[in-house]
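Before any questions on how it binds or moves, here is one chain, the form predicted on its own, in structure tokens.
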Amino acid sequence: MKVLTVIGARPQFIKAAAVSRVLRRENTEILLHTGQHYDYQMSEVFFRELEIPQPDYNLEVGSAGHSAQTGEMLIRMEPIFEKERPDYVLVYGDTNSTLAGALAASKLSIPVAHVEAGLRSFNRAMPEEINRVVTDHVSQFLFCPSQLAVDNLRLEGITSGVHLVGDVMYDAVLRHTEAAEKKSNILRSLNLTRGKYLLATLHRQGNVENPKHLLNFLEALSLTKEVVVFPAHPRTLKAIKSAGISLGGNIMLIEPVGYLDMLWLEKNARMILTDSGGMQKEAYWAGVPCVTLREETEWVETVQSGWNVIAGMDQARIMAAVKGFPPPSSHPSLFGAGDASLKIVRHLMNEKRK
């Protein structure tokens, strides 16, 4: 079986590392990196830490507007797909790389397999939501992390090729948490005490490029008076500087960190504040309460379980969540058993044998 995998952003590197490890045992994988994330801290460090093979192709698209970036990916992907003619094109998540890979493959009648299918925030103003919906509707194989994702697809009339496999990010967390404990020195280098700091991230366009939202968030962090570790996405750092916002002395603004350091920061935080979908889940698996800096989440199960609170970018709601959000006494198993990668590869191999 020959699979062409499309990746381009940090969350996809983590997911692909888990699946590729299983896929390459008996099959051929062609790895295509779009270059959506491209510098060391946003890309190369993940390849090194997660032992991801070097890409067979790197489109080096870089940063651009959504349409321009997606269009350039499509232009550069098509001749590669025609040359390689894989049995399947495998895409992950909800980025522009995901959408471009799915569209390019479907135009060439190459079956698309979408990992993390069926997620819905029901907010069409989010570019990621459009990417999810379109990718699901052109995919032949839809690998869902939860029953809710399966239900979402059914409501849209998608029932063929849908498989409930669990979350491949949980596969990665189980594999790498022990390595993070042994190898990461991030707590020592930042002089942090376990359970005595908040961990915050912010990267979504609707938050970062809205000066009012950004100011609300940073003022809320300052008012907590707690130590806040804030690994800043390049887009976020640029927006903070452009808006001329001053940070409170309790906020430790640092560069993006690698996967192992981030796992260890998450594991030892008192609380996590984020607009990242992946970090909402990682917080849950780490047993750390999470505050979501959006008005909705595609990971509804984390909210239903009581471990995640929706606060949006309202300063008062953020402050209230930070001050009065004790973790629940129960921690149910969500998003599978850590064997999603194996299930995905088996499904594709069995389909190939037909």
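Sequential numbering from 1, following the sequence displayed. Source: prediction; values computed, not measured.
What follows is about the form predicted in complex with uridine-5'-diphosphate (UDP), which we do not show.
Of the residues 262, 214, 251, 158, just one reaches uridine-5'-diphosphate (UDP) in the predicted complex with a heavy atom at 4.5 Å or closer; this is 262. The listed set 276, 268, 152, 121 contains one residue whose heavy atoms approach uridine-5'-diphosphate (UDP) in the predicted complex to within 4.5 Å, identified as 276. In the predicted complex, uridine-5'-diphosphate (UDP) sits within 4.5 Å of a heavy atom belonging to residue 203. Residue contact check for residue 256: one or more of its heavy atoms lie within 4.5 Å of uridine-5'-diphosphate (UDP) in the predicted complex. Using a 4.5 angstroms threshold between heavy atoms, residue 14 counts as touching uridine-5'-diphosphate (UDP) in the predicted complex. Using a 4.5 Å cutoff between non-hydrogen atoms, residue 218 does not count as a contact of uridine-5'-diphosphate (UDP) in the predicted complex.
Only one of 183 to 191, 134 to 142, 221 to 229, 277 to 285 places residue heavy atoms within 4.5 angstroms of uridine-5'-diphosphate (UDP) in the predicted complex, namely 277 to 285.
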